[in-house]
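To begin, one chain is listed below as structure tokens, in the form predicted alone.
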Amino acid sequence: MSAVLSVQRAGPLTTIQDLGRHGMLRSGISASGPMDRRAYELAGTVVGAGLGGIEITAAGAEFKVTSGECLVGFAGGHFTVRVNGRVADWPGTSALEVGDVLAITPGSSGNYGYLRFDADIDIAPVLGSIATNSRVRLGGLDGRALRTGDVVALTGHGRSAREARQPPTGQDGPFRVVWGLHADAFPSAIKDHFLRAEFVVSTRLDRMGVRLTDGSGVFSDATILSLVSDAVTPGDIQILGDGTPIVLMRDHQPTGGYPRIATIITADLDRFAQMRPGSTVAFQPVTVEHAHHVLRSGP
């Protein structure tokens, strides 16, 4: 199987991703990978996808097949997909051949969607992965986001397609967190306020982090806002020097010098990544054992 797709239009931060380059944080390299891993895997399952996929942001994207044919799977957020102008089911699949145009536009919710193919994306891995980290210019096409005129080549064969396991529903409640490394440095009153308060997803969000608006001033009087830098992980809620909470995401920096009051558990991080600016979020503490259980068994 081989095909070539030409990028007709690409919204900001449209990137090539795979499951990331793990185990290299000690060398200052974060894992990267899809912001919504469950959606990435769903898009791949329905077509038996090969290596990699394309992560699309809320600005949408458009591709044209200029050579060959392929099967594409799509999932993640709420997007509208059109093949040659005709609306297709989202999530779903479509067979594409030369001349076909695949256009994705944003729908009612969500920040990230995924395209996976029944073939590998033909890019040489860097440090074991083709995932793009545009901040350090690793992976993908020259370490950057896709742009109009780029060409994405597909080669080889994917795996056997399987019946899709639909994403879990009914998870609209608070985001579950475990207390962070520096939680005890915050007074009990601030920790209690943190759990009672609602925060708003700001417009300042990307693959590195999501800043939250602290409308009720939970951290307005915090006084321990600078520490010796140490390692951070995706989901850490770091409190910046001006009291702004920021949730670290897949392309986070390797270390941070601000206190982390809590960490969103891995099972909830995909859902958090899909929260659009203006969305209200709250947090609920769970144990590390509970976080491991839901990661293995589902919600």
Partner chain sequence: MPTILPLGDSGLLVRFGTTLTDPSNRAATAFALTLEREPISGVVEVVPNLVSVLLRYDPLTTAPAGIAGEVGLRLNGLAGEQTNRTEWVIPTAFDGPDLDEVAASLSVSPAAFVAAHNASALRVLATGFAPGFVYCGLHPDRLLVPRRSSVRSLVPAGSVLFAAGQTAIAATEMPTGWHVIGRTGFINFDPVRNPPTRLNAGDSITFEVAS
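Residue numbers count along the first chain shown, from 1. If you're wondering where the values come from, they're calculated on a predicted model, not measured in any experiment.
Beyond the structure shown, there is the form predicted in complex with the partner chain, which is absent from this document and is the topic of what follows.
**Student:** Within 4.5 Å of the partner chain in the predicted complex - does that hold for a heavy atom of every one of 23, 182 and 253?
**Tutor:** Every listed residue reaches the partner chain in the predicted complex, so yes.
**Student:** Could you tell me which one of 188, 223, 109, 229 places a heavy atom within 4.5 Å of the partner chain in the predicted complex?
**Tutor:** None of the other options qualify; the answer is 229.
**Student:** Just one of 66, 244, 274, 266 has a heavy atom within 4.5 Å of the partner chain in the predicted complex. Which one?
**Tutor:** Flagged contact: 266.
**Student:** Does the 4.5 Å heavy atom contact test between residue 127 and the partner chain in the predicted complex come out positive?
**Tutor:** Contact check for residue 127: yes, within 4.5 Å of the partner chain in the predicted complex.
**Student:** Look up in the predicted complex whether residue 270 has a non-hydrogen atom within 4.5 angstroms of the partner chain, and give yes or no.
**Tutor:** Judged by the heavy-atom cut-off of 4.5 Å, residue 270 is well away from the partner chain in the predicted complex.
**Student:** Could you tell me if residue 13 has a non-hydrogen atom within 4.5 Å of the partner chain in the predicted complex?
**Tutor:** Residue-level check for residue 13: no, no contact with the partner chain.
**Student:** Heavy atom to heavy atom, is residue 86 within 4.5 Å of the partner chain in the predicted complex?
**Tutor:** Taking the distances in the predicted complex, the answer for residue 86 is no, it never comes within 4.5 Å of the partner chain.
**Student:** If contact means any heavy atom within 4.5 Å, which of 144-152, 209-217, 91-99, 119-127 contacts the partner chain in the predicted complex?
**Tutor:** Heavy atoms within 4.5 Å of the partner chain in the predicted complex occur in 119-127.
**Student:** Pick out the residues of 275-297 whose heavy atoms come within 4.5 Å of the partner chain in the predicted complex.
**Tutor:** Counting only heavy atoms within 4.5 Å of the partner chain in the predicted complex, the contacting residues of 275-297 are 288, 291, 292, 295, 296.
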